[in-house]
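Coming up is one lone chain in structure tokens, specifically the form predicted alone.
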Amino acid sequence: MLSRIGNSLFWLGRYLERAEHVARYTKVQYVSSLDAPLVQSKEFVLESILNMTGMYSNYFNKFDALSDDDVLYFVTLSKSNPSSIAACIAYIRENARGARDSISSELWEAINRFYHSVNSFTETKFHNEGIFNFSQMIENNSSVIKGYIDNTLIRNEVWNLIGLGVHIERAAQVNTIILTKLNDIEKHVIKKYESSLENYQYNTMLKSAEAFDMFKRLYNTNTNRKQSLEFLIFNPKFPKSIAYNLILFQKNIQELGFPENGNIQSLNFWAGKLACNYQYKTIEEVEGDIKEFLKQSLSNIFELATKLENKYLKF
């Protein structure tokens, strides 16, 4: 396969996962704020959205103050924001076009419909329908596209390359969500309201990763710091955990059968090393310095993705 095609498939998976997580985080944070503890301000929620998406600086380059309409439109549809959800959808379609002969017609048509659905939103239509309906549309279309990826593609290098993009991006996005919520708690939890507000933040953290219900079923308890972090970081059987996605990333690497896979400097070696860092660690080992652990992990995830691109997907 040409490196150009491989690059398009890899980034198709990454942008698909990125758009979905940005949409869900924005929806959960904003909608949940309507019944949040009274000590939490609307500005806090808007700041959290911009911090998680990495758009804080870009937003204030364009606007002087935080406002609901400006932040939500900037994150979702603004043409002046190259990192918006709409921009991600355009990148998905462009990458799918670049690999058109490698994917199924069903998958291409689903991506094309997704692109045109997002483009049908004017600023007026977006404000009329609201962030909940818009984000729900993004999530639903993302699920449909992933269904076509899993149900219409042969399990060959095409499927594995898309999987590499999906799993490395999901690990990065969940890592970023956790870091953002830990920072939110540090900055905004007031001692008087510590218990209720902190637990509320862990609730929204789990919901932002579609993990709230499964957390409840596994632990059969109210949300708390230790178990929430353990579930999203180290659980090897939950599809949204960082550990699960790094394990799947290494599996995709192995199935692609790169010639250096047995070498100590191979991509498989580095992917396995990073995955093992989660498989054989416990929450007790990192809980005291969890933010530094997550910052280093995020750096390692991006470094692994860069190694893959530079070695096999550069053109």
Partner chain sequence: MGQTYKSEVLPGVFKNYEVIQNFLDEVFLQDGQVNNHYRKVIDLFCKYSSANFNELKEHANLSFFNQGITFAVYSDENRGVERIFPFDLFPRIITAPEWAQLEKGLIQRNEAINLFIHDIYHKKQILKDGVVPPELIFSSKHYSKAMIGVNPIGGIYNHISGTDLIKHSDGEYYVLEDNIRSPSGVSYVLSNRETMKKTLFNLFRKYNIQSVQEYPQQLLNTMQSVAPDGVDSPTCIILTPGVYNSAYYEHAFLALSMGISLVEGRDLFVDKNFVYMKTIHGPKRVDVIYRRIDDEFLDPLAFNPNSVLGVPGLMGAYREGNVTIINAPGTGAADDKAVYSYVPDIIRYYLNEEPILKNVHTYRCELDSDFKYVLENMENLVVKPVDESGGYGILIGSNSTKAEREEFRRLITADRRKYIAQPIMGLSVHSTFIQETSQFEPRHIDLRTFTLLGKDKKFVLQGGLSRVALTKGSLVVNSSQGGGSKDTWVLAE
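Positions refer to the first chain, counted from 1. All figures in this text were calculated on a predicted structure; none of them were measured in a lab.
If you look for the form predicted together with its partner chain, you will not find it shown, but the lines that follow are about it.
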Handout entry: Heavy atom within 4.5 Å of its partner chain in the predicted bound form - the one residue of N112, S143, S196, N151 that qualifies
Key = N112
Completion exercise
If we test each of T124, N222, N119, N133 for a heavy atom within 4.5 Å of its partner chain in the predicted bound form, the one that passes is N119
Problem - in the predicted bound form, segment of 234 to 242, 135 to 143, 206 to 214, 96 to 104 with a heavy atom within 4.5 Å of its partner chain - result: 96 to 104
Problem - Proximity of N310 to its partner chain in the predicted bound form, heavy atoms at 4.5 Å - result: no
Practice task
Please run the contact check for V75 against its partner chain in the predicted bound form: heavy atoms, 4.5 angstroms, yes or no?
Solution key: no
Problem - Contact label in the predicted bound form: W270 to its partner chain, heavy atom within 4.5 Å - result: no
Problem - Any non-hydrogen atom of Y56 within 4.5 angstroms of its partner chain in the predicted bound form - result: no
